[in-house]
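Below sits a lone chain in structure tokens, taken as the form predicted alone.
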Amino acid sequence: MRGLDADIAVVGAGIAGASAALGLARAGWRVALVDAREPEPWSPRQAPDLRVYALAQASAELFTQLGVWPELLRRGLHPYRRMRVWDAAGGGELGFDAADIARPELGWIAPQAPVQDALWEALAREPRVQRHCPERIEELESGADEVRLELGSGRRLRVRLLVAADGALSPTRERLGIASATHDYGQRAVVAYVGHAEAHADTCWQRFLPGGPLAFLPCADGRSSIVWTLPQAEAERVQALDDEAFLRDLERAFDVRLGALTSVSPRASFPLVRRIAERFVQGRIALLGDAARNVHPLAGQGLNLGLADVRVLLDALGEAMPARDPGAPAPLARYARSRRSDSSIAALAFEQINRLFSNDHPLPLLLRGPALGLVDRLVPLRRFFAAHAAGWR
């Protein structure tokens, strides 16, 4: 269509949105990337980002396809090769490692800032990407053939498809009137980096406690990133503790698996809410990443689900390339069916696991530990869980 400013506009330059913009441009589409602020430049000398992800093998394959994986590895991503899961109530323990699926690693631990910075640098070199940052959408109109945007600066954009990747509280989703099925878990996740007397052995550790799971994720500097899920009042209590008291509480909660805890970074916490958009596509607008869904951090799959959105969208829009219409109904319908189904299954599965393990009712207490031990003894099941941890279905 004559007069279009770009083929696709992507709103939101977080990891999922930036990956989508880069992948779409590399596929041959002209992309306008809009975000309210430009990401801060990253330096290896700055304090580590408390926002940490467990990147699955499938996500690494996407970053390889986008050409940024070698740069991410240079920026300090750390492989995890083993996982250990056990229940505070006792009983069995589940352990699996990369050897179960004949891989050198299950995945990688990645702070957000270096990943975001590598993507931003790649976008700056991509001639098919126009970056509009800082900018906000002031007006949005979706027609039969195009989407028209007016930005805060007064600039107008006409595109064939708008991809909304503007976060869990997506202004675009709200503007479109797309409702979300929402559930407040009444929990908060406390995050920090901790030092410990014993080496983390490239292992992700997770202990199920009555108030919620506690995860230790191995980092490149020898410390672990923790995600401690707690009922809201308890999260507020531990956040108010001084460092020494916090470490002693955390040490007990973790069953002293890595010896004495020796240091803790500044801490943060955030509320846990499950949110799934009722529609992932409306007209020529598609939701992606956290704008489409939030899930419980139990399995560390939030970002991996968002990057799976990117993979499916790139594949679906390949069908639209001959006609040069990325907003055509058929590929968008395919994207919506696939991603909303997968998101709903994942969100409800994580929620049921959280409910099963985050309580002290007698029957679950009797069953949980033996169930973990049974899975650990059954090699096919252990391989299944190892493959799932790597992001393969």
Ligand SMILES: Cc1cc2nc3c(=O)[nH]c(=O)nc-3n(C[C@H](O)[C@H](O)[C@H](O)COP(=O)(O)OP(=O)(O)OC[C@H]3O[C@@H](n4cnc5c(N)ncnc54)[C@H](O)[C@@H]3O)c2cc1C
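Just so you know, these numbers come straight off a predicted model, no measurement behind them. In case it trips you up, residue 1 is the first one in the sequence shown, and so on.
Below: the form predicted together with the ligand, not depicted.
**Message:** Please identify, from 335-343, 321-329, 32-40, 61-69, the stretch that has a heavy atom within 4.5 Å of the ligand in the model of the complex.
**Reply:** So the stretch in question is 32-40.
**Message:** So the ligand isn't shown here. In the model of the complex, which residue out of Gly167, Pro231, Gly283, Gly95 has a non-hydrogen atom within 4.5 Å of it?
**Reply:** Exactly one listed residue reaches within 4.5 Å, namely Gly167.
**Item:** 4.5 Å heavy atom contact with the ligand in the model of the complex for all of Asp87, Pro213 and Leu258
**Value:** No, none of Asp87, Pro213 and Leu258 comes within 4.5 Å of the ligand in the model of the complex.
**Message:** Test of understanding: in the model of the complex, would Gly12 fall inside 4.5 Å of the ligand by heavy atoms?
**Reply:** Although the ligand is absent here, Gly12 would touch it in the model of the complex, with heavy atoms inside 4.5 Å.
**Message:** Whether Glu135 contacts the ligand in the model of the complex should be assessed with a 4.5 Å heavy atom distance threshold; does it?
**Reply:** Yes, Glu135 lies within 4.5 Å of the ligand in the model of the complex.
**in the model of the complex, Asp290 touching the ligand (heavy atom, 4.5 Å)** = So Asp290 counts as contacting the ligand.
**Message:** So, Pro114 and the ligand: in the model of the complex, are they within 4.5 Å at any heavy atom pair?
**Reply:** Pro114: no, not in contact with the ligand in the model of the complex.
**Message:** Given a 4.5 Å distance limit between heavy atoms, list every residue of 218-251 close to the ligand in the model of the complex, or none if there are none.
**Reply:** The stretch touches the partner through Val227 alone.
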